[in-house]
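Consider the single chain below, provided in structure tokens and representing the form predicted alone.
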């Protein structure tokens, strides 16, 4: 990019910033950098700039690069939830592409600032991950890169098994739990002395129960291993804590993928429609926009497309537009009549309060399921061949299936039931079965990694072939026992 193009880009950054504020957006101050394609791939693979090194990030880098080079995907920008927002533009994009992406980035930045699920995030996380990377590099110097990489391999295999409520919830220690249980008494009343008439000695305290670790089932596997694995060294506990902190940063983005991309796409269209574009620029903008919000493949959902269409539909309905052929009905079967002119206020309210789960549950309507051609599908054998076929088009079941797929971000719910199983400090985990069985090969590899961290036998209760089953890895072999 030459000086003339850079000056033109800086001018449009200011124009689009002003237009975004005119329309009611409140993005963080935003810093843009124009970078070559390999930097975009690297940032996309690592998730954050200056993050620690690991071979899985290199794998993801080459996947993205190959996908782009073969025309299977296109990356226009990378934006990070920071204050100020940091965004990176692809240097090969046209000026119209830059304008669309800048408006899209401001939509993301406004969503980061507006949505309640982002309110607890560390807006200086980039500086934090630099410190994380520096500490991990020091551990490699002290303990050897291979030893640190082996531990990172194990830890990264369970990085998604943390407690999404951990921001506001602190679990009680066994001692705290026991003190609280023993201190529970009935509230005092003015008649308490009557109930005690005839009692010659004070009531005996309840018998002490054996303490259990954890006292209640614990969802945060990363935190539990960090705090209770007996044989971990300090540097290993620190790595578990680093991964957990970084996953907590990514949590709101995991919760709001459809909303976040839909919101940014909704506003980049509205902003560019108001810009003084030439007919040729407007045609290019519409071509680019239709590519961003296209339905995608038949076997997957494009979050840009679904989120964009849902925000438009909410605005339409709350502006008072009704469908005479399919009027909205409440739970009594009566038509819902809304006041007109409330569309913009409503989409701002939705963007502030909802996550993808509640967004789909509340606002994915019968009309949208039909217009977006959404359905569920299954693998079926037809004439000796396995084929994907449409299973259901009922809008409620389609909506509920989409919501169910997002429960716990599509990750199996694994709870720590006992950290001192058989009184030998073995680890007993339980899979809260929801009808979707675990991949046994993947589960075996993951249990081996957990053993590497815990240092004792690992047991996992699950359901296989409709039967309760206990999987065990004792450091040498796997076993499977019916329960």
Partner chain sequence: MPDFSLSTDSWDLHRRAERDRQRHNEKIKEVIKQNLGDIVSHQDIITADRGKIVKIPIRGLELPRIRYDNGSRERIGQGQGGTKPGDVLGRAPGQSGQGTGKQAGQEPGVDFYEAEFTLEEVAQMVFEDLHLPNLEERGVKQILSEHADFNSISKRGLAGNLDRKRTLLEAYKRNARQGKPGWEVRREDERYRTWEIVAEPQRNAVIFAMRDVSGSMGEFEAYICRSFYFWMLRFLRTKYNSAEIVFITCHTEAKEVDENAFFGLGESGGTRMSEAYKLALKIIEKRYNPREWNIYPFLFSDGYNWGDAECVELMRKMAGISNLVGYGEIANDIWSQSTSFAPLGQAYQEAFSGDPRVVLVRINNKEDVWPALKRFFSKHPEVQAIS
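The term rigid core refers to the most C-alpha atoms you can superpose between the two forms while keeping them within 1.5 Å. Positions refer to the first chain, counted from 1. Here the structure is a predicted model, which is why all the values come from computation and not from measurement.
The discussion below concerns the form predicted in complex with the partner chain, not included here.
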{"property": "Contact residue in the predicted bound form, chosen from 147, 328, 160, 284 - any heavy atom within 4.5 Å of the partner chain", "result": "160"}
{"property": "In the predicted bound form, the residue from 131, 336, 382, 230 that sits within 4.5 Å of the partner chain by heavy atoms", "result": "382"}
{"property": "Contact at 153, 387 and 436 by the partner chain in the predicted bound form, all three, heavy atom at most 4.5 Å", "result": "yes"}
{"property": "Interface segment, criterion being heavy atoms within 4.5 Å of the partner chain in the predicted bound form, picked from 396 to 404, 116 to 124, 284 to 292, 315 to 323", "result": "396 to 404"}
{"property": "is_contact(residue 105, the partner chain) in the predicted bound form, heavy atom dist at most 4.5 Å", "result": "no"}
{"property": "Partner contact for residue 14 in the predicted bound form: the partner chain, 4.5 angstroms, heavy atom", "result": "yes"}
{"property": "Partner contact for residue 378 in the predicted bound form: the partner chain, 4.5 angstroms, heavy atom", "result": "yes"}
{"property": "In the predicted bound form, residue 306 touching the partner chain (heavy atom, 4.5 Å)", "result": "yes"}
{"property": "Partner contacts in the predicted bound form for 1 to 26 (non-hydrogen atom within 4.5 angstroms of the partner chain)", "result": "1, 6, 9, 10, 13, 14, 17, 18"}
{"property": "Large Cα move at residue 276 between the shown form and the other one, threshold 2 Å, rigid core", "result": "no"}
